[in-house]
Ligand SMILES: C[S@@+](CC[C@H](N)C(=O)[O-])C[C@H]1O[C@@H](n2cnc3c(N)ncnc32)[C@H](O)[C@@H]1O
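Shown below, as structure tokens, is a lone chain in the form predicted on its own; questions about how it binds or moves come after it.
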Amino acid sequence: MFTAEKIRYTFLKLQPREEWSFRDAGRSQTTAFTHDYHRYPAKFIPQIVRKLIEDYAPSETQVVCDPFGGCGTTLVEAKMLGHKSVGFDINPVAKLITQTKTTPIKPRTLTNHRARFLSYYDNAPQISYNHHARISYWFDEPTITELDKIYFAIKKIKNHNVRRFFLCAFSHNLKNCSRWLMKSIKPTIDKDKVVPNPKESFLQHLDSMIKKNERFYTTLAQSGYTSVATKMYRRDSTKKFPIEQEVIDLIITSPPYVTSYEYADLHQLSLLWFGDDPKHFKKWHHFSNGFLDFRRNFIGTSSKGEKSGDFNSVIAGKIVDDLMEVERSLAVDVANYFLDMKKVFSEMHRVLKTGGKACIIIGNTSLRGVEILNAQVAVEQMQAAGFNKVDFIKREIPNKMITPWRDIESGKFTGMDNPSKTRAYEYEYVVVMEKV
């Protein structure tokens, strides 16, 4: 058993492992196959997932799980290595993206449907959907009219997998065609933005996806993995996972970072647009119309009320106490985060087989001068849930796919032009523990 003090000391002495930096992995490698279908913040690079699967799930009969599935990096890599996989995410957009990325489609099928789409678009009637009021805030009227035509043409596609493929491209294109500042992950208006032609922008990204699908499909077909099962659920991972106990061989996940940003905000354009169509996107209107309530369910949000309970971590308790001396509301946010993560680790333990490994990719940071030792807290909480240490890995982050700057006061992600910025996430940790 590791005491809190021993955990602190162990991490203090860790040295970065060069083989885990993947310094030579360029953009063409990190966005290969279906990994670049849709923008998504804080993505971990697929090389990390692949190495963990190869190290801890060498048999093709094993099942991989990601409780914070996000845009599906873990599930894509698992499929390409011949493993069944299952993922969960509270965000319906994440489910849409992941289902699209893990579903290979015959290249000729997509080529044929692209031509049909253009025919549907050219013959689309003058149509106007009853949009949420916020749509007019983000899009000008001519752009809305063009997007309506594209959306109408997509919905004419009868093949479910193909239609979802086109909808994923449409979802990605919404930010391009909106007033949203492109370089910002926060909902920020760019008054000087020149909005591209919606159809041209959509087709450009669609064609990129079609090319990547061809490589994905061909690679899977050559390996015999085209039909390897993947399942993505829209679920709150602080609740009971929708699977039986002791059915998972390997968990690979990167939890949301506490108070980083409001995760629900990041895909609000897709939530708003698809929420206007309850016939095809059942229940999505609940997320867009009840957006504040939806946001409160996200781990790491500052929208939750104060909770109470034991953290199962001495380190977490000390962090929260220190934050209470600085700012109570921030301390409450961090406390809620640790309480939520305790529930997640408990569920991970329940669904893993005895001897199964849980790999957590997580970084530490600081808020208002208080060190937030997320990795160390994770170790302590996982140990309390019934895990034993396998390996603790420190890796340098040469090209993290999130903003590398934080505001010193708020701890929120910020841009380079902020005078009170500080460097965030030079290193992160891979915590590997085993169910005993």
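These numbers come from a predicted model, not from an experiment. Residue indices: 1-based, along the sequence shown.
The same protein also has a form predicted together with the named molecule, omitted here; what follows describes it.
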item	value
Selected contact from F392, F33, F44, Y56, since only one has a non-hydrogen atom within 4.5 angstroms of the named molecule in the model of the complex	F44
Interface residue in the model of the complex among P256, P187, G317, G82, criterion: non-hydrogen atom within 4.5 angstroms of the named molecule	P256
The named molecule contact in the model of the complex: D236, any heavy atom under 4.5 Å	yes
Residue contact check: I299 to the named molecule in the model of the complex, 4.5 Å heavy atom	yes
The named molecule contact in the model of the complex: D89, any heavy atom under 4.5 Å	yes
Contact of T73 with the named molecule in the model of the complex (heavy atom, 4.5 Å)	yes
Interface stretch in the model of the complex with the named molecule - options 383 to 391, 370 to 378, 60 to 68, 23 to 31, non-hydrogen atom within 4.5 Å	60 to 68
